[in-house]
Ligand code: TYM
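Next comes just one chain, in structure tokens: the form predicted on its own.
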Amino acid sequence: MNIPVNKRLLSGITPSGDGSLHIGNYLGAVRQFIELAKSNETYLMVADLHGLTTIQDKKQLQQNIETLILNELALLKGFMTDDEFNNIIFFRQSDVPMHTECQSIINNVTPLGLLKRAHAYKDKLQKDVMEDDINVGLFSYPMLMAADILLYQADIVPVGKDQKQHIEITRDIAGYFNKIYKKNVFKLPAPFIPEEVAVVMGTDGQRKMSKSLGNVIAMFESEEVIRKQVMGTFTDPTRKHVTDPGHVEGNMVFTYLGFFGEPSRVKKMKELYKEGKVSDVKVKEYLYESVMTYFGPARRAYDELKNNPALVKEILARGQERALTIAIQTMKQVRDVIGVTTQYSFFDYQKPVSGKTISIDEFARVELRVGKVQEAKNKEGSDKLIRLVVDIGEENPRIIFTGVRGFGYTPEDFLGKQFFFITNLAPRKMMNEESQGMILAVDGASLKPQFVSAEGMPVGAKIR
């Protein structure tokens, strides 16, 4: 997969079905998304408002949303380092009200004919559903999706081939808006369609893996449930006895082992299967072991998150705050260019304060000191980290990491210069070393951090 780097990426997941994910979801989308997220500024939202087009039962929607959040976070934490995970802006669509405001505004530049050509709407009509029975939410789905994307000025949107039309519609809407108001407010996003996306057949070997068809292998169900799903997987119907030569082509157990098994062992097992020297049960037992091993870290993360709802809320609050920063910037431009901002305007966006306020005494315990960067180099094995060796007036210099390579920073931007550092943070393990503090930064354009110079100040001086 040819992975773009240093782009702004947005993706959303709708809490459809029961909200749970299976190995088909992982192989077909999540796995590729994780690789993309490691080298791009990544916004990942739970598209709960989109779920309203098909789910209109309060308890079901609540359960689906909570299930999806736990599933998605567990996969991210299971297959990413802490640093990689913390760089993802993970949030709920409904926690950022600018999505629906943006949709309401772009409604007025979107031609009706454009929406009538949308696949979701046409598919409903082709299934003999009367037009009067199609809710407006489904009809306007492409506009809410366009608002989702345009709000964050995304460069790329990873989608399957069946979703490419939505990105084309989004580009058309952005183009209409920019042309009408004679200003390039919205960036035109590009679809990113990985060439090597696995289309995963279900355990029945006949249809695409789908929860509604009951032909899935779960990742976060109990061991008993997953074992039963694996043991029910389609193998070779022509094989009547263990000693009969078996076929591995079209055999779903071997298809899945190609993703989750140890290659040399899978190769040997294929040979034995073709020779009639290993049973279906043995092969399925190995598939079960492989799935449980492969998703072991994600399953442990799932248990941790499920037993700690406060941690989940903290992750979502952090994501919401970061998402709001961009959403507010975009909507201020939109309001200004369309003309609703006038001399009589008094409305202003207020970002909610995440967490509690702190007292003066608590703030006084934050130690800020002037530090001079003696050494700076990219951290081997990381696409984001720069390793700084900083003199803050102590006997020994400190090692402090900053994850800003994705914003275009290089070691030369820091070497030999003085900045402000927070020096009384608990050490944090990053790669194979501990970071002993944090460089102070302020928000810059498009969220690019700006580092405040401390040139001319005495090294080690405390900021009071």
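In case it trips you up, residue 1 is the first one in the sequence shown, and so on. Rigid core: the largest C-alpha set superposing within 1.5 Å between the two forms. Bear in mind that the values here come from a model prediction, so they are computed numbers and not experimental data.
Just so you know, the form predicted together with ligand TYM exists too; it's not on screen, but the next bit is about it.
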| field | in the predicted complex, the one of L425, V404, L61, A29 near ligand TYM [non-hydrogen atom within 4.5 angstroms] | value | A29
| Option touching ligand TYM, based on a heavy atom within 4.5 Å in the predicted complex, out of G160, G381, G258, G339 | G160
| request: Please run the contact check for K179 against ligand TYM in the predicted complex: heavy atoms, 4.5 angstroms, yes or no? | output: no
| Applying a 4.5 Å heavy atom distance criterion, does H50 contact ligand TYM in the predicted complex? | yes
| field | Proximity of Y141 to ligand TYM in the predicted complex, heavy atoms at 4.5 Å | value | yes
| query | With the partner left out of view, is G17 within 4.5 angstroms of ligand TYM in the predicted complex by any non-hydrogen atom? | reply | no
| remark: Which of 283-291, 326-334, 309-317, 160-168 lies within 4.5 Å of ligand TYM in the predicted complex, heavy atoms considered? The stretch 160-168
| Within 4.5 Å of ligand TYM in the predicted complex: residues from 6-24 (heavy atom criterion) | L10, S11, G12, I13, T14, H22, G24
| request: Using a rigid core alignment, state whether the CA of F259 is displaced by 2 Å or more between this form and the one not shown. | output: yes
| So, does M219 move by 2 Å or more at the CA between this form and the one not shown, with the core held fixed? | yes
| request: Using a superposition on the rigid core, decide whether the Cα position of L52 changes by 2 angstroms or more between this form and the one not shown. | output: no
